[in-house]
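So this first bit is one chain, no partners, the form predicted alone, shown in structure tokens.
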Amino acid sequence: MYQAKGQGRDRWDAFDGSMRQAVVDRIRAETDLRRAIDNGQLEVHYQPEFLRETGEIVGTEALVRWRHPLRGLLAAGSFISLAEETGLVVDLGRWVLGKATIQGAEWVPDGRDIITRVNLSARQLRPAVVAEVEDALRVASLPADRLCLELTETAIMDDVQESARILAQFRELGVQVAIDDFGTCFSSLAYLKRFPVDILKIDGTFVGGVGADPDDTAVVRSVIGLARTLRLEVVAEGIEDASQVGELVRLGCGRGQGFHLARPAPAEDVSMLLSGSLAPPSE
């Protein structure tokens, strides 16, 4: 029934062996993920964000990893969709928020103005999340202005009025709000000034072609211009080579993250990078 409904209305589908196996695999994966949350198999890695003029680390994005007993270390892309579909992303997101705020509070005494960035999914964007964020800040003793919550355009546009209300409450708490993957959802442009946001993150699909593809370069230039007009900060994500860094700086975007600058790493490795124990990324 659900297979037929997923393909559209007014149709039928036949249940066969392959469909049964898919259902069994899905149930097994959901059970494994639930155990991972309960049994400490999850980890949080952090990807630094750099100010390119000075090479200074100005932020870290918290990214969940699954230390699977059979498959090894899994990136979020291999299980986040399942977490979203099953609703487990709410528990998962709450756990990541708690871990990230505690770690961010440990970096504050270093005297660095580092923002800890945590992603929120569409499922998490509900009234209860405001209290969850407030609790996480209190437990970690992290100043609210050192936390940035990142949401995709599609998550915000799912319910415009509710999103605007929740984002306003985040603003009242004092946390920053960033729109992630900006540029992939055209319908949000008309609503952008309604949302209390602080940062636009240029989607990596456009950053990948900046300076080489005229269309991608035009999109990046437009987003940077839009951010300036609205007095927002702009961050480029998915930077993969030095030529992209040079072009982004030329266009006016001096903040970015990506594999060329630094890969996601456990907190202790990022701490070493912050302390200067590791070499800074090359241009």
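Just so you know, these numbers come straight off a predicted model, no measurement behind them. Note that residue numbering follows the sequence shown and begins at 1.
A second form of this protein, the form predicted together with a small molecule, is not displayed here; the remarks below concern that form.
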request  = Using heavy atoms only and a 4.5 Å cut-off, decide whether all three of G55, E233 and L248 touch the small molecule in the predicted complex.
outcome  = no
remark   = Residue within 4.5 Å of the small molecule in the predicted complex by heavy atom, from T86, S163, Q169, S121, is S121
request  = Spell out, yes or no, whether the shortest heavy atom distance between D181 and the small molecule in the predicted complex is within 4.5 Å.
outcome  = yes
message = Is E153 part of the interface with the small molecule in the predicted complex - any heavy atom within 4.5 Å?
response = no
key: G256 within 4.5 Å of the small molecule in the predicted complex, heavy atoms   = no
request  = Answer yes if any heavy atom of L63 is within 4.5 Å of a heavy atom of the small molecule in the predicted complex; otherwise answer no.
outcome  = yes
key: Stretch in contact in the predicted complex with the small molecule, which is absent here, among 26-34, 212-220, 238-246, 225-233 (heavy atoms within 4.5 Å)   = 238-246
